[in-house]
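Included below are structure tokens for two forms of one protein chain, each presented in isolation as structure 1 and structure 2.
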Structure 1
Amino acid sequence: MELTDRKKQILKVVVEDYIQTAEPVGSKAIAAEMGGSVSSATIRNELADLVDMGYLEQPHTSAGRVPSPKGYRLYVNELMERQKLSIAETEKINQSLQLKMEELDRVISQAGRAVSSFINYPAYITATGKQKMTARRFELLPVDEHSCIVVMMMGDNRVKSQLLRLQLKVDIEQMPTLVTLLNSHFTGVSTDEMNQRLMNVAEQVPPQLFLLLSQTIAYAVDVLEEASQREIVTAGANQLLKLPEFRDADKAHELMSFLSDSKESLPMPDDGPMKILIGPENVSDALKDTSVVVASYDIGDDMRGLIGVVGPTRMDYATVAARLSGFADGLTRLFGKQELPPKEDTKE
């Protein structure tokens, strides 16, 4: 059976009406949308064909039709009109991303809340390095002869510190030598290489200094390995409660629990700037009745991030994709320049 231009036009009307109303769409409504150019009888025949072809579904209790995941996919790929953000929307996104460049995890957490609030769906956001995190610089700050503070700047400019209790008394005057050793041998290398180099210098360092060096490297390795793991922040799970698809409390609770407890299973595509996954295209069973839109952004220093929203398959894909793309572009500018450009005065 051929998917004619008229069938595509009818499918587009069904998808867009269902997005707006969350109610099955009947032939009379479609005829009105099409300006009376096609009779209701012809539309009913076309709707039956679209059901047979798998693009539409008919709920048992209604004469109307709703899109299937296959229908949404065709709509997104071929029929959806790409949206451009308005000046007002662009300004609202820019205002929501006026964030101080603090620690990376704090910035992405605030950005995730902003996305969820603006798009009105649960959001998730992550940042990850394309390469393993390394140390950029070390400092040792003596407290007394039995303790000191180790300070480490990581490759993404985050600074971590911790008080170390020394197993052997260390002469404070020897600490600058140890700091020089740390910065010359243990920066810019992987954690495996750090441990190997620690063994290589064992015989060159007095025992009391080697114990402090070992403690420092052990702390650095733990911090760097934790930082190299992908951290995922979710926000706005309660947005689901506003949607007719999640009036069933058990259904809403199941998805909200997934977003809270199984967020590592959220889609993390690494191909292209934007990805739309519809219904069963999502691997996780908890997402089989939802759609996920994910956009990537660039952090710099060989790092990238992903920001996504989770919503019903009935979501307004064109609007969500445009707004999420706007946020991704804004985050790229934020991390690249540590500021967002001023509002443009030109009109569309």
Structure 2
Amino acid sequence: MELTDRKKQILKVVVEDYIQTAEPVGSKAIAAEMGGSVSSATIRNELADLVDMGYLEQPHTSAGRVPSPKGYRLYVNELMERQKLSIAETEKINQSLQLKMEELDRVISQAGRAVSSFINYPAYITATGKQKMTARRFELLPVDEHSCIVVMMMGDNRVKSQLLRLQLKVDIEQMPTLVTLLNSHFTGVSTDEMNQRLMNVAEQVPPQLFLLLSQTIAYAVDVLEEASQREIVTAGANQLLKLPEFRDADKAHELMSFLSDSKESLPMPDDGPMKILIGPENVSDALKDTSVVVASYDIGDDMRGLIGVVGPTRMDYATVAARLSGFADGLTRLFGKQELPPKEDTKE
């Protein structure tokens, strides 16, 4: 059977109507929406065809039609009109991204909340480095006999620091030696390699310095490993409860638990600026009845973030896609503008 233009148009109407009302769409309503150029009986014939072809489903014999995942897919690929954001909306997005440039994590979690509250679905957000994070530079600042501050600059120019308590007193004069050693042997290499090298220099360094050295490396390894593992933040899960498809507490609970406990299995496509996954296209079982829209944004050169929203398959794809890519652009701009000064290597 052929998918005529009229069939497509009807499909479009069904999808858009159903997205709004969450109620099966009847032939009469479709006829009305199409301007009365054809009668409801004609529509009925077409609808029957569309059901046969798998684009629509019928909850029961005497109900209207509901789009199938295949129907949504066609809609998203061909029928949907790409929406443009209104100036007001763009304005609002940018406003909600007027974040002080603090720590990356914090910015991200705030952005996640902003996305969720603007799109009205639960959102998740993450920043992932394309490669393992390494240290670029170390510095030790003596505080007193018992403690010193370790400062580490990472590959992405973020700086982390902490107070270290010294187990053994260390002569302040020896600090520079240690810093030189740190910067020459422990920068630009993986955490495994750092541990390795620590072992290697063990004998060349006086014991009380070695203790401090290994504390420093332990700290560095911790921070680096945490930084290179993607942290996923979710926000706005409670938005689900407003949707008719999640009025059932069990369903809502299942999805919300998934969102808060098993974030790792949320879709993380590694290509393209935006991806839409409809119902069964999702791998995770918990998402089989939901759709996910994910967009990516850039953080400097070698990092990349993802923002996604999760909603019912009956999702307003056009609006969500438009807004989400608005946010992605906003974040790209945000990071491009303020962070990551020119990347000259500064190892001495």
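Everything numeric here is computed off the predicted structure, so don't read it as measured data. Along the sequence of structure 1, residues get numbers from 1 upward. Rigid core: the largest C-alpha set superposing within 1.5 Å between the two forms.
- The form predicted alone appears here as structure 1; structure 2 is the other form of the chain.
- Once you line up the core between structures 1 and 2, the Cα of E145 ends up 2 Å or more from where it was.
- Fitting the two forms on the rigid core leaves the C-alpha of N195 displaced by at least 2 angstroms between structures 1 and 2.
- In a rigid-core overlay of the protein, N238 has its C-alpha displaced by under 2 Å between structures 1 and 2.
- Aligning the rigid core between structures 1 and 2 leaves the CA of K160 offset by 2.6 Å.
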